[in-house]
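Form predicted alone, single chain, as structure tokens, below.
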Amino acid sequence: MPMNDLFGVVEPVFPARQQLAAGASLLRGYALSHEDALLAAVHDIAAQAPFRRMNTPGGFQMSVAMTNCGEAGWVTDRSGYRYDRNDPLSDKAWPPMPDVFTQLASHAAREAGFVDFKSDACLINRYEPGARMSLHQDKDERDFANPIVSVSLGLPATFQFGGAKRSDPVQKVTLRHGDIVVWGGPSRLYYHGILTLKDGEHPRTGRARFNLTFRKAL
């Protein structure tokens, strides 16, 4: 009998890898062995290129704060959604991608069945309670042959993973500290998002969730 059964508390048990759709995998706890290096890198990047809440082309301010590292960074403003080699706040190149980022993204992609993936851009999202990300597609990259690798750190969040059309049914999956979702191939352009983040306190990140999203943008 599991120890927690003795006290009347049964924790859910998740397989190490779950298939969400064709080409889409959830790797439970895959990033945990690198959490110290990942969080240190996030703070170092943010010291060089601070988190900011960008505006959409329609003029709305996003609830999620963002920054980037790598050869290009994803940005949005009145001009539209795009990748830019320079941080628009400083007009300097985005911070270089740390080795721990590059290696983890490549290894996770390989684990999910995508070999030879090398990210050149990492969008870092910082969610605080009340922040959310509506259903959207990642389609600002030059081609869609490479997968998306998404790493969760900090507070748990409810990930929505739909289909090729916005109206398709949506799965709701809880993402926890250290989980990685990889999607590509037939699911590369599937709609996805994050429901409103609930309040809480995480021992490593406080009242926040960080999401590292690796792409091959250029």
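Each residue number is its position in the shown sequence, starting from 1. This one's a predicted model, so the numbers in the text were calculated from it and none came from an experiment.
The same protein has a further form, the form predicted in complex with a small molecule, not shown here; the description that follows concerns it.
Between the options Lys118, Arg110, His136, Arg142, which residue brings a heavy atom to within 4.5 Å of the small molecule in the predicted bound form?
Only one listed residue qualifies here, and that residue is His136.
What is the one choice in Arg52, Arg176, Arg188, His34 with a heavy atom within 4.5 Å of the small molecule in the predicted bound form?
Filtering the options by heavy-atom distance leaves Arg188.
Name the stretch: of 148 to 156, 25 to 33, 40 to 48, 166 to 174, exactly one has residues whose heavy atoms fall within 4.5 Å of the small molecule in the predicted bound form.
In the other structure, the partner sits against 148 to 156.
So, Leu123 and the small molecule: in the predicted bound form, are they within 4.5 Å at any heavy atom pair?
Yes, contact at 4.5 Å.
Touches the small molecule in the predicted bound form: Leu197 (any heavy atom, 4.5 Å):
Result no; Leu197 lies far from the small molecule in the predicted bound form.
Is Trp94 one of the residues lying within 4.5 Å of the small molecule in the predicted bound form, judged by heavy atom distances?
No, Trp94 is distant from the partner.
Any chance Tyr127 has a heavy atom within 4.5 Å of the small molecule in the predicted bound form?
Within the cut-off, so yes.
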